[in-house]
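Here we start with a single chain on its own, the form predicted on its own, put down as structure tokens.
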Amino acid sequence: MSLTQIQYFVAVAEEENVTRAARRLHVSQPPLSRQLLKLEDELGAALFDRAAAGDKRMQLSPEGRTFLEHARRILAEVEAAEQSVKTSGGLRGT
């Protein structure tokens, strides 16, 4: 599982739409969809409920709602780590 996959998942969950999430992330839709499928395969769970074939809205499955909580915490921790390093001096003369 990669941070990119987690970022993609969170964007789709928040936008409830792959096209809007792709636009928000500045990526094309097919790679975004592929990464979501790979993430679901790795987790062994459907993160989105795709039952409504004609509905473009991506609704979280119960597993997706659970994973979203963790995904947001992961991304927040990564951001906090980046900020901590930057405020502690960043790159020193190398």
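The structure displayed is predicted, hence computed values, not measured ones. Each residue number is its position in the shown sequence, starting from 1.
Below, we refer to the form predicted in complex with the DNA, which is not included among the displayed structures.
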item: Residues Gln29, Ser33 and Met58 all lining the DNA in the predicted complex, heavy atom within 4.5 Å; value: yes
item: 4.5 angstroms heavy atom contact with the DNA in the predicted complex for Arg65; value: no
item: In the predicted complex, Ala11 touching the DNA (heavy atom, 4.5 Å); value: no
item: Contact label in the predicted complex: Val18 to the DNA, heavy atom within 4.5 Å; value: yes
item: Ala45: touches the DNA in the predicted complex, heavy atom cutoff 4.5 angstroms; value: no
